[in-house]
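Only one chain is shown below, in structure tokens, and it's the form predicted alone.
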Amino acid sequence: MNVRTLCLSILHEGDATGYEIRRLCVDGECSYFIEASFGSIYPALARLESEGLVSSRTEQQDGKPTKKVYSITPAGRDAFVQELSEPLGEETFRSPFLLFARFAHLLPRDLVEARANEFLRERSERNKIVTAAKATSMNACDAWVINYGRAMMGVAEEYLRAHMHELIALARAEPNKDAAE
């Protein structure tokens, strides 16, 4: 999947501005699919519009600049289904916490413990949000995706709770005195 397909998927559900698309890609339901920045969303939308797969209109806002709202066209709906039919790319997983954990042996134990607890709290809060999502108000495919997310997040949280002490034990017992000077 790419940003183009992600934009089409969001517009398939309803009209949106570039800002709204970005928000869905960062904080919303699409944040689990692929990474998309403003620098990739707006060029993708421009290409989609030049290809006739989306259209746009400007809307006036009270006290704000006009906004550009995008809509998917019938050709865009067909292209979206075609793109979904293509082979899937390799799934990627990125985690700054795992980079931190990989080098925990270089860090003071109290820092590793604090970061691990902080990460666990964040994972637990995110897991609560996903768990609270009402699968009954979604279509069956949306519910399946949410349930998959719940399972994956639950396993990650469970592993961290069960093995966090091992990571903390790998850290240095004493802070690096040279680093503080």
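Small disclaimer: the values here were computed from a predicted structure and weren't measured. Residue positions are given as counts along the sequence shown, with the first one as 1. Think of the rigid core as the biggest set of C-alphas that the two forms share within 1.5 Å after superposition.
One more form of this protein should be noted, the form predicted together with a further copy of the same chain, which is absent from this view; the next part is about it.
So in the predicted complex, is a further copy of the same chain close enough to Pro74 to count as touching (4.5 Å, heavy atoms)? Contact check for Pro74: no, nothing within 4.5 Å of a further copy of the same chain in the predicted complex.
With heavy atoms only and a cut-off of 4.5 Å, decide whether Cys141 touches a further copy of the same chain in the predicted complex. The answer is yes: Cys141 has a heavy atom within 4.5 Å of a further copy of the same chain.
Heavy atom of Arg23 within 4.5 Å of a further copy of the same chain in the predicted complex: Looking in the predicted complex, residue contacts with a further copy of the same chain do not include Arg23, since no heavy atom lies within 4.5 Å.
Is Tyr42 a contact residue for a further copy of the same chain in the predicted complex, using a 4.5 Å heavy atom cut-off? No, Tyr42 stays farther than 4.5 Å from a further copy of the same chain in the predicted complex.
Spell it out for me: taking a further copy of the same chain in the predicted complex, does every residue among Arg123, Asn147 and Val155 have a heavy atom no farther than 4.5 Å from it? Yes: each residue has a heavy atom within 4.5 Å of the partner.
What residues in 143 to 170 sit within 4.5 Å of a further copy of the same chain in the predicted complex, counting heavy atoms only? The stretch touches the partner through Trp144, Val145, Asn147, Tyr148, Ala151, Met152, Val155, Ala156, Tyr159, Leu160, His163, Met164, Glu166, Leu167, Leu170.
Look at Leu106 and decide if its Cα position differs by 2 Å or more between this form and the one not shown after superposing on the rigid core. Shift of 2 Å or more: yes.
Answer yes if the Cα of Arg57 shifts by 2 angstroms or more between this form and the one not shown on a rigid-core superposition, and no otherwise. No, because once the rigid core is superposed, the C-alpha of Arg57 moves less than 2 Å between this form and the one not shown.
Would the C-alpha of Phe119 be classed as shifted by 2 Å or more between this form and the one not shown after rigid-core alignment? Result for Phe119: yes, a 2 Å-plus shift.
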